[in-house]
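Only one chain is shown below, in structure tokens, and it's the form predicted on its own.
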């Protein structure tokens, strides 16, 4: 097994999904990085770490729910509360 630094640190070219979203990996959507640079310093990390984070997201959310949530509120419910 070889680790190719340049290959791992260079994400695939972005494909625009909407005016504010891009995708570089299948089923992985990102906010257009250019829109975020004023407020959030963008970090560079390896492609494998991006995919690892995406794959472990469900486990992380389940852990957060077990430890911190009394109930799960849908996005639709949140939007309804904002409209009131």
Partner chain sequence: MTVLLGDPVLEELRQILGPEHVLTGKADRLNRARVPAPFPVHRWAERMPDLVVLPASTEEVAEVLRLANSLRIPVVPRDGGTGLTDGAVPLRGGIVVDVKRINQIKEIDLDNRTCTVGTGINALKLNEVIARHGLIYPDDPASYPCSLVGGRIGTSGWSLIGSRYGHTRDLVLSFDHVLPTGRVIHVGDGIGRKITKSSSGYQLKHLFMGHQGTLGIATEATLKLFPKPEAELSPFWAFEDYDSAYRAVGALARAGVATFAGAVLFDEWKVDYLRRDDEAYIPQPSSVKALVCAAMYGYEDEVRAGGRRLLRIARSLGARYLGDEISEGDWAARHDRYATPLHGRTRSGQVVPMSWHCEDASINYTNLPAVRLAWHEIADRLRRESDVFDDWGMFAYTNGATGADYLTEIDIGIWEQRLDDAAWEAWVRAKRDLAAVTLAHGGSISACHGSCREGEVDLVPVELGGGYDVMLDIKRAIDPNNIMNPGKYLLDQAYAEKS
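Note that the rigid core is defined as the largest set of C-alphas that superpose within 1.5 Å between two forms. Everything numeric here is computed off the predicted structure, so don't read it as measured data. Numbering follows the first chain given and starts at 1.
This protein has a second form, the form predicted in complex with the partner chain, left out of what is shown; the following refers to that one.
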- Task: Spell out, yes or no, whether the shortest heavy atom distance between residue 44 and the partner chain in the predicted complex is within 4.5 Å.
- Result: no
- residue 31 within 4.5 Å of the partner chain in the predicted complex, heavy atoms: yes
- Message: in the predicted complex, is there a heavy atom of the partner chain that lies within 4.5 Å of any heavy atom of residue 9, even though the partner is absent here?
- Response: no
- Message: Since only the chain is shown here, I'm wondering whether residue 53 would be in contact with the partner chain in the predicted complex (any heavy atom pair within 4.5 Å).
- Response: no
- Message: For the stretch 52-66, I need every residue with any heavy atom inside 4.5 Å of the partner chain in the predicted complex, listed N to C.
- Response: 57, 60, 61, 63, 64, 65, 66
- Query: Would you say residue 16 moves its Cα by 2 Å or more between the shown form and the other one, aligning on the core?
  - Reply: no
- Task: Would you tell me if residue 7 moves between the shown form and the other one by 2 Å or more at its C-alpha, with the rigid core held superposed?
- Result: no
- Message: Taking 2 Å as the cut-off, check whether the CA of residue 58 shifts that much or more between the shown form and the other one after a rigid core fit.
- Response: yes
- Task: Regarding residue 30 and residue 76, go with closer or farther for their CA spacing in the predicted complex versus this form, the difference being 3 Å or more.
- Result: farther
- Do residue 78 and residue 19 have their C-alpha atoms closer or farther apart in the predicted complex than here, with the shift being 3 angstroms or more? farther
